[in-house]
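Alright, two takes on the same chain below, each alone as structure tokens: structure 1 and structure 2.
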Structure 1
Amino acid sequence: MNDSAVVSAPPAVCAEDIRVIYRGRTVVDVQSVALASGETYALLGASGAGKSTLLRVLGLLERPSRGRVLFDGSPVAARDLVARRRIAAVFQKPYLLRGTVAHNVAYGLRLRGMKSAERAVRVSAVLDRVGLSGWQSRSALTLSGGEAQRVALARALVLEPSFLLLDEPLSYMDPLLKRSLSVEFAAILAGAHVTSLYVTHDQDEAAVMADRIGVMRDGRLVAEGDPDTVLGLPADEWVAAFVGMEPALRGRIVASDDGLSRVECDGSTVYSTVELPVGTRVMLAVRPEDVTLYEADAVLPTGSARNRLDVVVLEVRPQGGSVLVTLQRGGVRFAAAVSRAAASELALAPGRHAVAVFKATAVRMRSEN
């Protein structure tokens, strides 16, 4: 065997130069997007961003106005029935049939002519996988929302697809159930080793579900990467606002030792456990939920938080059950998420002085190059 370089496998699913135009208006304009085999890729964005349209194009449910879709490096199209049989989908509403759970899960297998004995084995195995072992004879009409969506997922997975589409499958559920199911769905998809495209407007859901995230705005992909980078270190001002953060800070590493990098940012010093060479210009950020606020004259507890900055409150904005507080120290601007009770106790208001504390491990950082 010669020593020539090993050629890497093509992406499981790839789209190139995709444009979708409705009545003269471009709703999707994506130069390239690729999903590796077995990964879960989340399309994250607000309503109307083009997420579901791009999902339909990649899932061969809609023909783009321009561009092409490839499976394992080979072009495919909506009329390609062989390729379409490799795809399964779960949508926002389960749309279950009358009858039993087994009847619903086996629906696609019956359409494919699979014999009843083999269907029964496949249905039993997939129900066990989604946490509904022994539910074959249950009536689909008696299921709760979460149970019905598990059945819908089982109905897709029983087909053993190579590409799974999930379009806002948890969006209509209450927050508590959504958090629980997103963790369980993530484990199920990881165990199934199926390439998955997951559409959502919920960043917490995307962070739990996805190996990689693409953020869409006005039909374009404006950010892409692993969840920690996309949600924790947004370089783009719009993306930062969308994920509830300030844009990434810029700085330069002035020292690096004992597992810590010391970064100078507009006259302020920030410590991070990300080690890069001295002199490296970097982007860095800290998630609001990782920042704790204290009164300006408070005696701070001894702890592992290396970063302690005297700050001024710029803005206080209620956000769901918490309060997002924008903070500034010189040219450094970031945010903290605190409870409403804490905001009241600290009397947080524009112009108020406070101390912001966060761990070096909470500081995301990467080279600007």
Structure 2
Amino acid sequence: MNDSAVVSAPPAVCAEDIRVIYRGRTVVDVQSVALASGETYALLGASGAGKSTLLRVLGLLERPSRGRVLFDGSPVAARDLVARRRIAAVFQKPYLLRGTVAHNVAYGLRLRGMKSAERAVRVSAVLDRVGLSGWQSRSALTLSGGEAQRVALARALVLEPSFLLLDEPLSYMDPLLKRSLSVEFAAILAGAHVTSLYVTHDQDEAAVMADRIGVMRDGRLVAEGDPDTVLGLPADEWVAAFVGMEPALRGRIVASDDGLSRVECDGSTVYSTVELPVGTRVMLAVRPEDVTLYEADAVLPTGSARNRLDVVVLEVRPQGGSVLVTLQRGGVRFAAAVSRAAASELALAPGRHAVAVFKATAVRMRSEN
């Protein structure tokens, strides 16, 4: 074994000490963000959080006021056309050019001086991939929103970029189309093995698309990690509110036995299947949709749900098709998402007692440091 050969590869794309200032106002202030080769990284945040600006900086479309961008460990700049041509992007609006679908998809290839026969082969192959086989000669301006966005994705993928930028590509779609396209896009990206940056304000979309998520707020990266951790174990109150949860609970592991950790949490006992050494101080959380509520005096069904806590309802908030119920037991606060029917059946209202039931496998947990 040759030790000197063991050198970890630099990240495919990396930004260091990035600051973007518009008219004296700092809109992006990010110490470091790095994308490993082939991974899809989602930047999640509310509008105006600086996500798209950071995307433009990483995509060499905008010069930051400070900081630098590196591709495979080497610094690159916005005027570097060779570096820029390793990137392709899909934005909110597809902005198709007048002409046929093929004319649009081949645009980047024409810029690179590719011969027309070769272009036709590449265009045909990429249209197959995005589910638009044989659409070459259709007029681009007669397409529906979903079709146009697929053409935009094809136009980017046909370039075989080493870095793909996706700036809220599904935000103008209706919810149904958005769901199906996000699943499709995720599969296409996974198949393309391309390093991708996906900007969105939709946590469900981020969860479907991304290998890793970074949450941005006021220009800063406030949380980063795999989707399960970021969305399931919110690091602070703001992130929790953003992803529709209560902030993570804090506790200490008091026993660990047979794959089950017992955690003392402000006077309550919670079980988790995450194994950590006894004595570890931990953060833990449970997604609202993993919690089931019963009436306080109900006979609970026997089952695998290990956690059964007597709770008091603090707040009941309708949310789309379901109701988000904030619950408290001593210093412990978490939320449950129940159907509207269940909420009215249980007559949920602030002050009412209930029993919250959730599985030990539903409890996300990690060491506090």
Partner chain sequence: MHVYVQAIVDAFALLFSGSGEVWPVIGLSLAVSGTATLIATAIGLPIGYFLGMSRFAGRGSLILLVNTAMGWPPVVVGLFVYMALSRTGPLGDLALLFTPQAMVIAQVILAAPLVAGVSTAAIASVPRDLRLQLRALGASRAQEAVEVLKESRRGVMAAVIAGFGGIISEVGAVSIVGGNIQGSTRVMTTAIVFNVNRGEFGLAMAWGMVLLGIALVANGALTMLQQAGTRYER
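Note that the structure is a prediction, hence the values are computed from the model and not measured. Residue indices: 1-based, along structure 1. Heads up, when I say rigid core I mean the largest set of C-alphas that superpose within 1.5 Å between the two forms.
Colleague: Kindly point out the structure, among the two, that is the form predicted together with its partner chain.
Modeller: Comparing the pair, one sees that structure 2 is the form predicted together with its partner chain and the remaining one is not.
Colleague: Superposed on the rigid core, does the Cα of Leu132 end up 2 angstroms or more away between the two structures?
Modeller: The answer is yes; the displacement is at least 2 Å.
Colleague: Please check if Gly191 moves between the two structures, taking a CA shift of 2 Å or more relative to the superposed core as movement.
Modeller: Shift of 2 Å or more: no.
Colleague: Once the two forms are fit on the core, has Ala102 moved its CA by at least 2 Å between the two structures?
Modeller: Yes; Ala102 is a residue whose C-alpha shifts (by 2 Å or more) between the two structures when the cores are overlaid.
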